[in-house]
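Next comes just one chain, in structure tokens: the form predicted alone.
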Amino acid sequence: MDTSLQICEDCDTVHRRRPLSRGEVARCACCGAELDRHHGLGVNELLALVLTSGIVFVVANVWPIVTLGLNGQHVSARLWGVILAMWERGAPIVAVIAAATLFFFPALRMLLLGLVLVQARRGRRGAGFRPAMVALHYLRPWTMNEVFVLGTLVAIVKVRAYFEVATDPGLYGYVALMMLITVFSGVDLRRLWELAREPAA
């Protein structure tokens, strides 16, 4: 495969790839779509980010997000407590969507990205590389941690009028997770196809 050429995904025009300097973006000469951009992070740095995200993900889900207090009584809420409460109170569809977009999809995305980065670091594709790349493409829009964090912060501001509200380590974990996911969301998956070669027949 000739890796010096690249095809515009929007208009199928073929372009010759050239090295990009820091902050530079290559665009299609015909339609202006983005073809490539300079990435400061290498495979090792991205793998370290994914491992850090996994640790933060555990922290965010093990510790409570907020503690509400009223008349001396305090109740702590974790993500799964909120999801189960929605399920039990007659909102099963919302509970399933919340569980998928806040827990299962982000966890699966981190696992798959870790798998393909390990194989890209070795320079060759192993078992599961191709389906993992396809799954990463489709999972990309379905991680909603940033929506959850913003919604939680707005809810905290609103309920302060009625309850004593204390933020817990789980919320800080989700804020950190949101930033980490934003960083590796900018990864151009096409680079990993090129870094991990097909095994010799």
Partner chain sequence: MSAPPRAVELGLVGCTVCGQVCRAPGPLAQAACPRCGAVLRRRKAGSLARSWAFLIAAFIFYIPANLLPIMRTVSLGDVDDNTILSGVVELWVKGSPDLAVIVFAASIMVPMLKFVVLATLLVCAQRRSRWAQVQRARLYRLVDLIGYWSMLDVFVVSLLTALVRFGFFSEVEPLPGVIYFGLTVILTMLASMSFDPRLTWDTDKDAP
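Numbering follows the first chain given and starts at 1. None of these values were measured; they are calculated from a predicted model. Superpose the two forms; the largest set of C-alphas matching within 1.5 Å is the rigid core.
There is another form of this protein, the form predicted in complex with its partner chain, and it is not shown here; the text below is about that form.
Although the partner is absent here, Val14 sits close enough that one of its heavy atoms falls within 4.5 Å of its partner chain in the predicted bound form. Its partner chain is not shown here, but in the predicted bound form it comes within 4.5 Å of a heavy atom of Leu102. In the predicted bound form, at least one heavy atom of Glu146 sits within 4.5 Å of its partner chain. When its partner chain is considered in the predicted bound form, Phe184 lies well away from it, no heavy atom lying within 4.5 Å. Val134 is the sole member of Leu51, Leu41, Val134, Val59 with a non-hydrogen atom within 4.5 Å of its partner chain in the predicted bound form.
For the options Leu35, Val175, Leu46, Val66, the one in contact with its partner chain in the predicted bound form, meaning a heavy atom within 4.5 Å, is Val66. Of the residues in 5-37, those that come within 4.5 Å of its partner chain in the predicted bound form through at least one heavy atom are, in sequence order, Leu5, Gln6, Ile7, Glu9, Asp10, Cys11, Asp12, Thr13, Val14, Ala29, Cys30, Cys31, Gly32, Ala33. Superposed on the core, the two forms barely differ at Met179: its CA moves less than 2 Å between the shown form and the other one.
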